[in-house]
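Next up, structure tokens for two forms of one chain, structure 1 and then structure 2.
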Structure 1
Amino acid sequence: MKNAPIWLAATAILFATATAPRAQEERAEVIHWWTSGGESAGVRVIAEAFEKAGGTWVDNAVAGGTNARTAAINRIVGGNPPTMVQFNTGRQFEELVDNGLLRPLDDIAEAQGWKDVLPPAILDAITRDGSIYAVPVNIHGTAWMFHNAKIFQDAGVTPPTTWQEVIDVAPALREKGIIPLALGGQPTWEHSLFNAILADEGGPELFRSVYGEGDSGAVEEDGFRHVAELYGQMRDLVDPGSPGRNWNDAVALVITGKAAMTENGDWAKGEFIAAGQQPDADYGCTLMGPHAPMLIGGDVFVFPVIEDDAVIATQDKLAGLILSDQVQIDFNKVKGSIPVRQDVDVSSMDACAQKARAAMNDPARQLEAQELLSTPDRTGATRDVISQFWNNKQATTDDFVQNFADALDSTY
């Protein structure tokens, strides 16, 4: 058990001697964190496809990604694993793989030709030591700017296409009593906004140096300082009610016309869809900058090791359904993402999805999200620094740069 923390190693021994849950034919207990309107619509697509195929879906939604992952890990190492568990695409489930608690999916991946239809970045993210351990559901662009079209029309200003323009249009919006930028006031969303600016203004090379290599020297360069200064100016664009706000509540401010813009992943589009709004009519979606990369993230499901043939067959069925053409289209239409299978026809999807697929068709615009590059340790350390800077307007760019470099040096 390489890299096993004490708690995990100890509970893994417990798992090894525990009795697997009693199998029930075609019964799937699924732990996930999809609880907002768009997210719930997405998970219902998978559940209904499974039930249509004869299965029984036992939904175990836990609000908040961290809470859901913790609950699932406790179940797995405690010897009472669910059938299937949601994680983000990336390194979040690496420790479970290292400790032999997840089932490799090489047989089903080969049978379904996953290597022929999934993007290389996604394949790399689900592969450990040559074996595939997760079935991807989608590709999320994690750095989009959404805006309320009517607000900009009424204010007589053009929706921004660069981060500097976001700052420049703010006075005109404030004159109309509109919040320029709605933000979920939690460290995750403060980090998301920073990463969007780093990807667009700093560029893929700097982004990978910082998060993939942990290069603290890159943080001292002018490109990173430029990003930090832009990010610092964004602190004046949000409203006093932002701290503690949920991401979907920030999106709701834009939908209801109280705020002009919000930055988030394209899962935010699911909220616009759930509200009955149309892209390029009621709202706009923009990858910021003339050569903005598609910051690639997404969701996967993993399958705990369970020594029961009926459960294994159920897991196989779920994996096959998730990557079927119909589920890929139906799920991503309501979730806000695009199909992870590159051979699926997306012509029936909306304007935002067309922009996302166009970006994905250009390898130079593909950039791995932080979750695919960083260890959870590095992600947590940098998130703390970013959140402290965001919530303290007295903190300077010099403070931020130094603290960010120290955070990188403290991780591996």
Structure 2
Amino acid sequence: MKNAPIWLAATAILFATATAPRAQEERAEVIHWWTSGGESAGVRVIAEAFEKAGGTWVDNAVAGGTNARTAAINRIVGGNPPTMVQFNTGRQFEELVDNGLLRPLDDIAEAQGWKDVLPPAILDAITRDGSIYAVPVNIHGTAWMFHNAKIFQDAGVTPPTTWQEVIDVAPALREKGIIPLALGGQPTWEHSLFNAILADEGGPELFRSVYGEGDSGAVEEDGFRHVAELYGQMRDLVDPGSPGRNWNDAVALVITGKAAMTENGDWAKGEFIAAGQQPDADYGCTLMGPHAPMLIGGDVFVFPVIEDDAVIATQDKLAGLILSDQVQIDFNKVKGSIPVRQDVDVSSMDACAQKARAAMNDPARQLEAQELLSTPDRTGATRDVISQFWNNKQATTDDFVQNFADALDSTY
């Protein structure tokens, strides 16, 4: 009996190989880029639900969204597609659809009544030529203002709720030696701040015509100029160390009380949670502006076309699981986003998630993030223009408007 462990191990191996063929029938290979703490906890929720339902999850995490998408596209084009691929909600995958490389999901959507439970902006974003091509997972609010509650208490000023107030409270904060606005000094975050102001001060209509239709005429009107001027004034609110800074370092400045506010997506909440802070007590989250629209983005999964009934059945199962109530709530709690299904009960989620849901309940406040409206090419070109303007204090609103219009005209 001294050899018992060996026998046990051998039996286990035999057992494992014996059951392997059965498991292989429901084998899902998934390419995604969820590698950070909160993200990989999120993907585990989906993987565990799938394995509980009898499948085998083959995790293929590639660090970095661009890298993951490139890897997936190369495999799809090369004829060896994975079962499921992550994308951002938006127009990243539309050319794959046009080339017939992604599977339409209309039958599943019909059977599960997606049209009744998903917000229209998200439905639009996953629909192309009348068919649905992706399973949405979550909704991220991409434009939140986070502030350090204690700093505002000490300085005796109320946290701002409009962009003009952000500028107005700055002197009082600066007097105390505090950076008014912490910003990740990379083009993405400079762009994010601009879009937040454009959405609130310019309004959803302007936002959609600029980014959705690439209307360079709209850029020259007063509404856009007003946004550009406000944005230009924000340049004085950040500290000199901002250029090049990572977004999470900017959030850390707010957490540690060196800066009063930072603008970012709701994923920044993860940093506050990790630092042991409570929403509405230690830190506050605000949707800024008079009309406070919620800029919505998020993640989706798409299914490459694979001519194999077993694979198709697996894909069906995954699609159903991702939109099930349990996965929706468990996943979004750890990821920091809110459920994409409007009928899921979010009362167990935190204060910021409640605010997000309240905004989502009003269709007039739902506004698509830029990625849902414009092509990556247009997003990138406008980002270059915005980042140049932000980093050059001599640049005038006129230059900016001119360059912005040129960028819209030259992109597809």
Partner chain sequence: MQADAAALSARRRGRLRREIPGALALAPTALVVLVVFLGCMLWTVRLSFTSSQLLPRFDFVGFEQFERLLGMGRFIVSAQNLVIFGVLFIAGCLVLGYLLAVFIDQKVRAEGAFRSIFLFPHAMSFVVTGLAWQWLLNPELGLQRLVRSWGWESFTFDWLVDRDMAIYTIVIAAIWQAAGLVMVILLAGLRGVDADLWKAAKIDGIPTWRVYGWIVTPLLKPMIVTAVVLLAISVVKLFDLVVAMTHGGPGIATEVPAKFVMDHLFERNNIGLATACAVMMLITVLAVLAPWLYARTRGGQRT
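Remember, predicted model here, so these are calculated numbers, not experimental data. In this text, the rigid core denotes the largest set of C-alpha atoms whose superposition between the two forms falls within 1.5 Å. Residue positions are counted from 1 along structure 1's sequence.
**Q** Choose the one of the two that is the form predicted together with the partner chain.
**A** Answer to the question: structure 2 is the form predicted together with the partner chain, whereas structure 1 comes from elsewhere.
**Q** So which of 319, 140, 374, 227 is at the hinge, taking the rigid parts that turn between the two structures?
**A** Only one option sits at the hinge, namely 140.
**Q** Please report, in whole degrees, the rotation of the smaller rigid segment with respect to the larger one between the two structures.
**A** Smaller part versus larger part, rotated 15 degrees.
**Q** Give the C-alpha shift of residue 99 between the two structures, in Å, after superposing the two forms on their rigid core.
**A** A shift of 3.4 Å at the C-alpha.
**Q** In Å, how large is the CA movement of residue 49 between the two structures relative to the superposed rigid core?
**A** After core superposition, the C-alpha of residue 49 moves 4.3 Å between the two structures.
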